[in-house]
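A lone chain, given as structure tokens: the form predicted on its own.
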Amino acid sequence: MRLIIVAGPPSAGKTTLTRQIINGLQNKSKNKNKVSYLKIDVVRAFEDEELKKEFGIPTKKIYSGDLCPDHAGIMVLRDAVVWAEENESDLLIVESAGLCLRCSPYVTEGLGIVVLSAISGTNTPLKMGPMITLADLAVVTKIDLISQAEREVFREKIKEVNGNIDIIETNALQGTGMRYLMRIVDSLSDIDKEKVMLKGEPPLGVCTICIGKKDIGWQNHFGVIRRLKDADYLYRGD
């Protein structure tokens, strides 16, 4: 079975892109159980219901709640692979809310796609961190809403973060520019579920705010803390 993990900021077009992938695969096959879909969100999600109704595929969703959605996805991924295999699917698509920009949901097996909206601002890629640096492929959506010059700047900002990443530009709503992506999906190898591991080193940082203490000011906390006058460009923890 193949694996695709789709991440990116809210409203970037992750589900629309996923819809195009499923539609492209189903156009090649009458077997509607070829794809299983798992949605990971924080509080509420409806995408699983929409895709199940539209394509007749097995879907699930989990809510991460107080937990980072990328962490929640890693915790349930092994179970998700087993569930998709039980569905006799040959592709599992996991869509992560991707709200914690210090983390990423990508693993060593399969394909990691980061979805970025072209209208989010030219400096957006510089704010994404490991969500881009650890991805295999960047899909830039809504390109019809910006100028050619803005598109080129946006591409350069992505390359500044990850110089080796492949970039696909698309208006995912209409599915333009999707043929290259579908060729990549078709060429994916099956995963070895015993070798699936998180890409990169996850960040380590826990403080008393993490466990629910509400007092403001570093004087009232311990763990990873910092005073305003000690702040520097990038805080790595103590």
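Nothing here was measured: the structure is a model prediction, and the numbers come from that model. When you see a residue number, it is the position in the sequence shown, counting from 1.
Another form exists, predicted together with a small molecule; not displayed. Remarks below refer to it.
With the partner left out here, if you bring back the small molecule in the model of the complex, are C68, G73 and K199 all within 4.5 Å of it by some heavy atom? Verified in the model of the complex; spot residues all out of contact, no.
Tell me, yes or no, whether E150 is in contact with the small molecule in the model of the complex, where a contact means a heavy atom of each within 4.5 Å. Answer no; every heavy atom of E150 is more than 4.5 Å from the small molecule in the model of the complex.
Does any part of T170 reach within 4.5 Å of the small molecule in the model of the complex? Heavy atoms only, please. Because a heavy atom of T170 falls inside 4.5 Å of the small molecule in the model of the complex, the answer is yes.
In the model of the complex, does E47 have a heavy atom within 4.5 Å of the small molecule? E47: contacts the small molecule in the model of the complex.
Looking in the model of the complex, any heavy atom of K157 within 4.5 Å of the small molecule? Although the small molecule is absent here, K157 would stay clear of it in the model of the complex, with no heavy atoms inside 4.5 Å.
In the model of the complex, segment of 157-165, 105-113, 140-148, 84-92 with a heavy atom within 4.5 Å of the small molecule: Only one stretch passes the 4.5 Å heavy-atom test: 140-148.
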